[in-house]
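We begin with a single chain expressed as structure tokens, specifically the form predicted on its own.
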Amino acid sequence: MNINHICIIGLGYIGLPTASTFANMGIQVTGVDNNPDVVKSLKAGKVHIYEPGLGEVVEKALKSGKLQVANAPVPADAFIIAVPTPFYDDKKADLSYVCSAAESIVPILRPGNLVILESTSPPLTTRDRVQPILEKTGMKAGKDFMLAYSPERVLPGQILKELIENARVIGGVDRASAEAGRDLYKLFVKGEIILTDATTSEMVKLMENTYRDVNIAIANEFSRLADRFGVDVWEAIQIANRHPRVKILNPGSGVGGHCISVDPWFFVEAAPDITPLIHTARNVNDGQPKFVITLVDRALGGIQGKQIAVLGLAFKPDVDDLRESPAVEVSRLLVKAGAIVTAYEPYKSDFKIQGASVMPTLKKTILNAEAILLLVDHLQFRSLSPAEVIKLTKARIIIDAVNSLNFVEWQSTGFKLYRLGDRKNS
């Protein structure tokens, strides 16, 4: 398939890196977003999301003229849909963005075009939701135009590297559609490209993140058990992992981001009668922020009226992505429990949490705190010196929910350090 022009709908954490990468390979790309602020900022050369190296890649693509930005799709050889798929309060998938993106292609879809859905979606979305919308043109998928599903499988913080190097799965509504998708992505993908059908491809993405969610859930349950039995879970995990067939993950304050915390619910929604394990794992991880609150309550002898400084709001270290972040949920629960909360997120200092004060600097965040709660293992926090921190705050209680701080060093400096899952040393 000859591809001279690609139209990518959705310029978020996946769409923008993908668009810029294609453009820097010499392909004409039109990036589309319905948020006028995103379009305006990109046209001004400003990147609206943080990802290491992305600014330079976008700048190069824009300056070359190969990347154009618009608020509506334009005719092209291939269309990629990379819009969000959040869920409603009842944990059901919100496919309105996907359906709206498909509808926007209908007036300009032409014979021979390729349409690829990248948005993480419940099984059968490509076949049962996107295909009927596109076939409103009177054309048939697999006959007049090609349709495939190819999920992103990248890690925030390493998106640009993994976009190119990771294996890519492409599922077509027929073999020709999958092969057309392969022709598109092989323009920059160095990893293996695996062809299958669309529904298998959808399921693969959900399986990958559900597998990780279940494994994190058992680690979080181990942290609760260690707390009850007077054990240091971090020591126990280290010892258990010496077994050649055991690899227990680290516990924490929960699971966030737009993949692991969301994707398993798509399985539960699609087949609630046969997914009890997946459902339980989701409930365990969603409940972990409440476990963190019990640790804070115990460390402080109560939360009501206490001034607590929260360090980190992102869903994982060294990114600015706060989607479904358990750290944000912990902060909200602290406010609800009557704490006076100041918070610091170095990658997104303008974030708002109702009832809390998000501060622009670490110094202002901890100045009047009675306790410091570390929720995200940002490099900036890992490298903190207790000798310097003690000069900046009256707080002498540190609650480490991610095992980031050196226990002996902080204790010897004059802090009382509590760790999630460590009742042995408290």
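Residue indices: 1-based, along the sequence shown. The structure displayed is predicted, hence computed values, not measured ones.
Keep in mind the form predicted in complex with a small molecule is missing from the figure; the text below concerns it.
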Is Phe266 near the small molecule? Define near as a heavy atom within 4.5 Å, in the predicted complex. no
So in the predicted complex, does any heavy atom of Phe315 sit within 4.5 Å of the small molecule? yes
Can you check whether Arg153 is within 4.5 Å of the small molecule in the predicted complex, heavy atom basis? yes
Test of understanding: in the predicted complex, would Glu208 fall inside 4.5 Å of the small molecule by heavy atoms? yes
Between Leu322, Ile105, Ile278, Ile260, only one gets a heavy atom within 4.5 angstroms of the small molecule in the predicted complex; which residue is that? Ile260
Quick one: of Thr137, Asn241, Asn250, Ser96, which gets a non-hydrogen atom within 4.5 angstroms of the small molecule in the predicted complex? Asn250
Counting only non-hydrogen atoms, the one stretch of 182-190, 304-312, 210-218, 121-129 within 4.5 angstroms of the small molecule in the predicted complex is 210-218
